[in-house]
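A single chain comes next, written as structure tokens; it is the form predicted alone.
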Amino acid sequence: MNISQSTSLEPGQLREAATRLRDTDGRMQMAYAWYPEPDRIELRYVATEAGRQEFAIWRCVPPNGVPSLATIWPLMGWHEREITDLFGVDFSEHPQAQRLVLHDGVNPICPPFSPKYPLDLPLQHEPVRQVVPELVGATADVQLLPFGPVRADVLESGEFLFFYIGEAILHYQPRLFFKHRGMEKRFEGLTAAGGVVLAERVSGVGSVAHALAYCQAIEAAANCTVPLRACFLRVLLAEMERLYNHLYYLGHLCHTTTLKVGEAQGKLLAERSKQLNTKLTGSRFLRSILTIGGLRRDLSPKGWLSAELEALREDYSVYARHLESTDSHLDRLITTGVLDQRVAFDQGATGPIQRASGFDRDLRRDHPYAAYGQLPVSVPVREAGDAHARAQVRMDEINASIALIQRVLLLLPDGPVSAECKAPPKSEGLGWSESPRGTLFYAVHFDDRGTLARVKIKSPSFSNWRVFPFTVHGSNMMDYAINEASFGLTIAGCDR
């Protein structure tokens, strides 16, 4: 989507526009900032309007500060805090104005994304005592457990504060961004083609989703048309990525419920799926295939992939039946980590997390891209909002993905797989994909030399990490690992 024709709003009009969007069944998606000129900052808001496939884009030039939209759209709270940390924009009346990305003790000489910030200057950091929430009332029996940032196994870094009595968790506070890599900043000055390699590495388990959203943003800025064969193959690759993610998810969920046989079988199926990726593309994680304008090279899935997928589906069906009939596994999932539908909407849940809480939303169907508009996209939905519902959504999506890939193989047209695609200077575009974890957006802006001036990434884990604590408060310590696993979160995708 070319976003140069956005709607200009004054700061005083933002809350009115946000309220009108809420009252007409729309939805805010994200907000970000960038510098069109070295001394001029601009805010962009991306929203979904009811019944429309195109996204609404608002732009606002803040004179000093702007009103916070978090009291109208709570999901905007993290977006605004990130903008404050990295760009220095003040959001008035923000309900939770403490830092998000920059930890206490980090004292940059100016906002890190400011054009005035020296590229070779590391962020200055001074050790400070961590501030924890104050307990009010009878506190003698309340214990505090700070867990992390280094955790056992190969888990990503994050610190989690638990206030608990016995096994009951009274309050939970995650502290992320220990591994913030400044990925968005790394895009600046790159060519469009060079950015594909970086996009594939923002989150290792979402290489296709990230590269696809990025490429589509560039293609929108360039107003170029991707060949039909490449569009169908992009769908195939995206669904292959969904397969191995969901299969591994089921194995890891079994690990947290101590169902060791289920863990081994799920991870074996995930491994088989990755081996199919290797046979198809040469890469287990499907890297170095997508490019701006289509694919780097043609793929030859016909004649073998359909049979291999059918064999995988048959073995998966047996595995799924066993999972759904194992009482010791189900007892740990049912009623664990319930996410209320209203909370899911207000706080911005996305992907299988929102669909497990009763929301029938999916970018592949609602805002079609690649060849999804020409294919039947099944969107599984559950109502319970617990860990079992989140697992069931993914289980159903595995079958739906295999059916979708088989449909692609049946309809796959002949023809070229790439087209010339060059975005002009000062152009901009928005791209998106429905990753295995939910909605993923890339907004790109080019400078007057034709290199990247700004790339904004809104990842699904950024949204779902905000939602997750609402399912932990009031739960118990024994179920925490199961609940976290049921969300399928990645810290790399959130921290970027």
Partner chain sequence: MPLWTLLGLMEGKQTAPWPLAEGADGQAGFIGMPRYNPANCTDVCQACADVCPTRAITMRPTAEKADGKDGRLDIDYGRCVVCQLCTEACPTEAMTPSSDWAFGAQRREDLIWRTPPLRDRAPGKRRTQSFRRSLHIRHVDAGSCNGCESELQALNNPFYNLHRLGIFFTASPRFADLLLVTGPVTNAMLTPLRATYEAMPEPRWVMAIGTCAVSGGVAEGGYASGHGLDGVLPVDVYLPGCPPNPAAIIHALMMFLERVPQRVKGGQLDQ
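Predicted model, so just to flag it, every value in this text is computed and none were measured. Numbering follows the first chain given and starts at 1.
There is also a form predicted together with the partner chain; it is not shown, and the following applies to it.
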* To do: Taking 4.5 Å between heavy atoms as the contact cutoff, choose which of 330, 144, 264, 97 touches the partner chain in the model of the complex.
  => 264
* Structure fact -> Contact with the partner chain in the model of the complex, heavy atom within 4.5 Å, among 253, 202, 233, 226 goes to 202
* Only one of 116 to 124, 388 to 396, 332 to 340, 372 to 380 gets a heavy atom within 4.5 Å of the partner chain in the model of the complex; which is it? -> 116 to 124
* To do: Indicate whether the candidate residues 15, 129 and 172 are all in contact with the partner chain in the model of the complex, with contact defined as any heavy atom within 4.5 Å.
  => no
* Is residue 304 a contact residue for the partner chain in the model of the complex, using a 4.5 Å heavy atom cut-off? -> no
* With a 4.5 Å heavy atom cut-off, would you call residue 77 a contact of the partner chain in the model of the complex? -> no
* With the cut-off set at 4.5 Å between non-hydrogen atoms, does residue 103 touch the partner chain in the model of the complex? -> yes
* To do: Answer for residue 155 alone: is it within 4.5 Å of the partner chain in the model of the complex, judged on heavy atom distances?
  => yes
* Structure fact -> Those residues of 333 to 357 with a non-hydrogen atom no more than 4.5 Å from the partner chain in the model of the complex are none
